[in-house]
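Given next, in structure tokens, is a single chain: the form predicted alone.
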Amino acid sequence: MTDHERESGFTRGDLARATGCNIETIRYYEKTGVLPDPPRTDAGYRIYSAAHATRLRFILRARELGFSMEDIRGLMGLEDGAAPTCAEVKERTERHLAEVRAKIADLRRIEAVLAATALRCSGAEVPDCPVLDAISGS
């Protein structure tokens, strides 16, 4: 890659700033294969394209939505080398949604227990504490 070609792309730092992604995370995504290795200049600098930025934003958004790296690979067609069908994407999404709903149900149960326990606590400067009793199973 020539220096002229370098001017049309991003350095890793530029890519990090443009996407809000940590440089070490970009390295990790390259190492795991979800972000392809960029071409290099004659001087050995990595130069990322707009396609790299688009793909990185996709990965980051999928992570924000709680998709696993395995699911992201599948969504991008990296598992078998073929683009996923809408049916395959829907199946992954529905499976993930079921997991999210289960976590929400667990959090609601935790919230109810904590709220009830906090109500029993006077907050006074006394040695007995209903919150600690509930945690310890007493």
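We number the residues from 1 along the sequence you see. All of these numbers come straight from a predicted model, not from anything done at the bench.
One more form of this protein, predicted in complex with the DNA, exists but is not displayed; see below.
The stretch in contact with the DNA in the predicted complex, judged by heavy atoms within 4.5 Å, is 28-36, chosen from 50-58, 28-36, 97-105, 82-90. Highlighted residues T11, D14 and I23: every one comes within 4.5 Å of the DNA in the predicted complex, counting any heavy atom. Proximity of A43 to the DNA in the predicted complex falls within the 4.5 Å heavy atom cutoff. Within this chain, M69 lines the site of the DNA in the predicted complex, having a heavy atom no more than 4.5 Å away.
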